[in-house]
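Before any questions on how it binds or moves, here is one chain, the form predicted on its own, in structure tokens.
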């Protein structure tokens, strides 16, 4: 095998496929990146839970394949000069890497036995822009549970229904739903592991270019222009999240997002990481009073709001409020309170692109 390519293109591909490479494996080949030269340069990382294949343009002089240790190969290429990289594989699996005046010779592994990406049998297929999918993940990923005893909640539900694509996450204390419109009129449900979605988010760009999502019984395939990502699906039935969303409310308010974020952050300054104190919110007379009372001091701040309904006193974990508000991407949002001890809902003033639900905490 012999080829040359641009260093930046090579590094970008390595960074992408490394997201699916095992860092510690009992078999050395699983800690490697599969490299193949044919019509283009193809690189693969696979940890079984997720596999990534990336192709880049290269000057192919001799076809072949090899597996290189992911960490070592990545570290070498990262530190090479920004120039053309020449790579050649010798018959004994030694690999020569040259770039300007830099020269490396490292030991590779035979590509035989490397777990290549499986074929995904198409059952359902949709397309959505990279920007839309990226925003959906960002708006929900924080609410995924890390409780391995409830495995299904360690993933996000992706659901298509009559021209809408929804992504849902819940952890028992909060619920996040993001929604976009799609062209396909299809119906399906699948639960994708949260750790895989985190890596997919890092690969996606702010771009109008489409991601094609193909679902089979136990796998999801995400196809980008030069990249294929296969994620396993979590088994089991996801909770009927719509049952958790209250339909009747005592009070609703309209607030400026940046103002309430800054106020809650200031209220959180007199707390500590060891003990999470709630913030108390008092709503009356078109004003919102945000207070925090901890063993080191107190904080009070007042905001002007638009209120509809009854006066309300309620407490929240400030982190849960901030996690939702910071991904709202709106100047103003509407917050609905079902009661002083019931869940609250955060929505955009217009449309239904997201719904965030947060459970309150009891306050003295």
Partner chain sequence: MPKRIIFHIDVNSAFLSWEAVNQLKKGSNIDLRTIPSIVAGDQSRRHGVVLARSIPAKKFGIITGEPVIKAVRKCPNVTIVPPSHGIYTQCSNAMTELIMTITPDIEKYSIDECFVDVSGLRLKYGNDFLSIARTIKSRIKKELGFTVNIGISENKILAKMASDFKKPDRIHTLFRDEMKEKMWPLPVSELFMVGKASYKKFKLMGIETIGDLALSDASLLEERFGKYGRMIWEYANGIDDSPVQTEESEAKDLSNEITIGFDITDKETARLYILSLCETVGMRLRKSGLYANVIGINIKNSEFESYSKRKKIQTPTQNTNEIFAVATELFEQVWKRDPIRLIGVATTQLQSEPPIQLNMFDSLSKQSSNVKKLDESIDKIREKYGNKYLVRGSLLNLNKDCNS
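Numbering follows the first chain given and starts at 1. If you're wondering where the values come from, they're calculated on a predicted model, not measured in any experiment.
Not on display, but discussed next: the form predicted together with its partner chain.
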query	finding
Listed range touching its partner chain, judged in the model of the complex by heavy atoms within 4.5 Å, from 328-336, 314-322, 34-42, 301-309	314-322
One residue of 158, 85, 153, 211 in contact with its partner chain, assessed in the model of the complex (non-hydrogen atom, 4.5 angstroms)	153
Selected contact from 96, 239, 270, 180, since only one has a non-hydrogen atom within 4.5 angstroms of its partner chain in the model of the complex	239
Contact of residue 174 with its partner chain in the model of the complex (heavy atom, 4.5 Å)	yes
Contact of residue 1 with its partner chain in the model of the complex (heavy atom, 4.5 Å)	no
Close approach of residue 361 to its partner chain in the model of the complex, 4.5 Å, heavy atom	yes
Residue 170: touches its partner chain in the model of the complex, heavy atom cutoff 4.5 angstroms	yes
